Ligand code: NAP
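Take a look at this one chain, the form predicted on its own, written out in C-alpha cells.
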C-alpha cells in the first residue's frame, strides 16, 4: 500500500535506518532516499536495504520528496528543517522523530515559510543501540507515535502522517507539544536520568555476575550520550519538574528507612506496587 511516492529520511541512525527498513518492508513508498553526512553510512544503508538511494547533500535529497523525515539529534532538527524548506517541493510534508517538541515546534512555526507543512512526530521506540548497523524493520511494531498539533498545524498533513504511521503498525496519538514534553519527561527522560545515576553508583566488581535487576534498570544508561544530553537540555524545564517530584518520593523513602519506620516503608512500597501494576497494557 503506497502512501507516498518518495520518502526522504535525513539521518540514518537506529531510528532513521529502522524507519527506512519498515517502509520498504511494508511497501509504503515508491522510493526511499537517505541523507547522511557520511558516504559510508549510505553504502551500509544500501547494502542493508534501508534505502533505495542516498546522498550527502541535504537539498538534493529532499528536492523531490513527498515526505521528508528528520531523524537526527534533537538539537539539529530545527536548523535542518530550515535548510530543507528552501528545497522541498510545494505540497510536501516535513516531519521529524525527535523526543522533545515544544521548543522545536515553537521555533519552526516562527521560521518556516507558510507553504511548508510541518508535523511534529515522536515514535516512542528505540533501544540503547545506535547506528544504521542496528536498524531493525520491526522496531516500531506495536509501539506508539505521538503527533503534536497546534492551531497552526495543517490538519490534512496530520491525517496523512497519521495514516503513514498506522500503516507501519503503530498506534497514533495526537496532543499539544507542551503535553508531549510533560508526558515524556516523566515516562522517558526521568528514567534515563535515574538509570544514569544508578549506573554511576553501582560497582561492576561488587559481584562476579550482576543481578538482573541492576542490568535491567541500567540498560538505557548505555544509550548514546551525545543524543541524550540534547534531549535532557531541550526539555530541561519539564525534566527538572519531574526530578523534583522524584526527589520528594526519594526523600520520604529515605526518611522511613532512617527512622526504621516499617509501617511507613511498607505503605510506600504497596503504593508503588499498585501504581506499577497499573502500567501494564490492558
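Everything quoted here is computed from the prediction, not taken from an experiment. Residue numbers count along the first chain shown, from 1.
Note that the form predicted in complex with the ligand isn't included here; everything after this is about it.
Using a 4.5 angstroms heavy atom cutoff to the ligand in the predicted bound form, none of 145, 170 and 176 count as contacting.
From the list 66-74, 210-218, 22-30, 235-243, the contact stretch for the ligand in the predicted bound form under a 4.5 Å heavy atom rule is 66-74. Taking non-hydrogen atoms only, residue 52 never approaches the ligand to within 4.5 angstroms in the predicted bound form. Contact annotation for residue 111: none of its heavy atoms lies within 4.5 Å of the ligand in the predicted bound form. Under a 4.5 angstroms non-hydrogen atom cutoff, the ligand in the predicted bound form lacks residue 120 among its neighbouring residues. The ligand is not drawn, but in the predicted bound form it has no heavy atom within 4.5 Å of residue 102. In sequence order, 80, 97, 98, 99 are the residues of 80-106 having a heavy atom within 4.5 Å of the ligand in the predicted bound form; the partner itself is omitted from this view.
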